[in-house]
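To begin, one chain is listed below as structure tokens, in the form predicted alone.
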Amino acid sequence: MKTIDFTKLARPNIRSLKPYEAREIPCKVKLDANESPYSLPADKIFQAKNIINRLNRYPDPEAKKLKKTISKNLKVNTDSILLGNGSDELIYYLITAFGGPVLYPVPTFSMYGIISQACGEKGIEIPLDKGFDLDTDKMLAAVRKYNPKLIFLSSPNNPTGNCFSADRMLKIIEASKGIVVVDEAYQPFSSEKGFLPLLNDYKNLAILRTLSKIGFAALRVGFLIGDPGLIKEVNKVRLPFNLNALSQNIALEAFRRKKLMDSQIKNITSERERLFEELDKITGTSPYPSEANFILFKAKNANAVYQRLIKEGVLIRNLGSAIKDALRVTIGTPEENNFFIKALRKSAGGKK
């Protein structure tokens, strides 16, 4: 049989590309992926019969009902919204539509760099300052030098958990001749209002939101909000029927149950503050304040602590490749958080 070297067939930018790794390690308590520990009660999700009886038909290609609901909820026009199969797909569409260079700070959400390389576009990485905030001077210098078509700013930022300073973000938006995408995946957990109110003031500003962090990661529903002209161009590269009927309908029910969602978000932020205090009491650990649904913390012998936690039945995220000695824990239920703290005390060396 003829052998084929598929690596040689691949485009040069793909050969050196490292895929995003979503490792699945079986553990009693899973706190590694920034998922919500809560979902809607099964009896409140949707009338399954209405969907199951129509699985032979394609979904609404424009997701009109969901788009209208989001429009009403966020107080933006429907022609300013584009729905995607998660934020990842929308990032792909933005880079496909507008090209590069693509500028973003690091450490941040890894898909900005992965998708830039996959699309054959230059990714420009600017390190955050020591306080995990934007290094304005370096960012602005990069804007002047490279004139990026797209700038991605995740605020609250993953994996650091903090919101970037609004004045620094505004300087970058004002200096850019391209599009600045503020990724607000974790905004529901933040004390900051976010940049949505500024859309009318800055035509080059776009916002990314998602349902993945508030209890619906399995749906893969994200949405891009921006100037209708921007949405029109990105929509040209959108794949047809990209949001399936089940996701559309369950997402609709999620918005109808906004009070329940808000209550669950409040529980998570309350637990976040409690977990921060508990982490601060443990010998050898130093947590960073968070505006997201996770906490970044440093630990002595972080790699060893990570492995010991797995043995104790707790899976968190090892971020040593991006931030030295850093680990990230997602906020779980009170019971999960208690289990984690007990395991961490055992793994890291007890109370201070």
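The numbering used is simple: start at 1 and walk along the sequence shown. Since the model is a prediction, treat every value here as computed from it, not as a measurement.
Another form, the form predicted in complex with a small molecule, is not on view; read the next lines as being about it.
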| property | result |
| --- | --- |
| Which of 115-123, 199-207, 253-261, 152-160 lines the interface with the small molecule in the predicted bound form (heavy atom within 4.5 Å) | 152-160 |
| Position in contact with the small molecule when the complex is considered in the predicted bound form, options D135, D227, D88, E271, heavy atoms within 4.5 Å | D88 |
| Listed residue (Y92, F109, F164, F189) with a non-hydrogen atom within 4.5 angstroms of the small molecule in the predicted bound form | F109 |
| Contact of K171 with the small molecule in the predicted bound form (heavy atom, 4.5 Å) | no |
| Residue contact check: V143 to the small molecule in the predicted bound form, 4.5 Å heavy atom | no |
| Interface membership of S212, the small molecule in the predicted bound form, 4.5 Å heavy atom rule | yes |
| Contact flag, V180 vs the small molecule in the predicted bound form, heavy atom cut 4.5 Å | no |
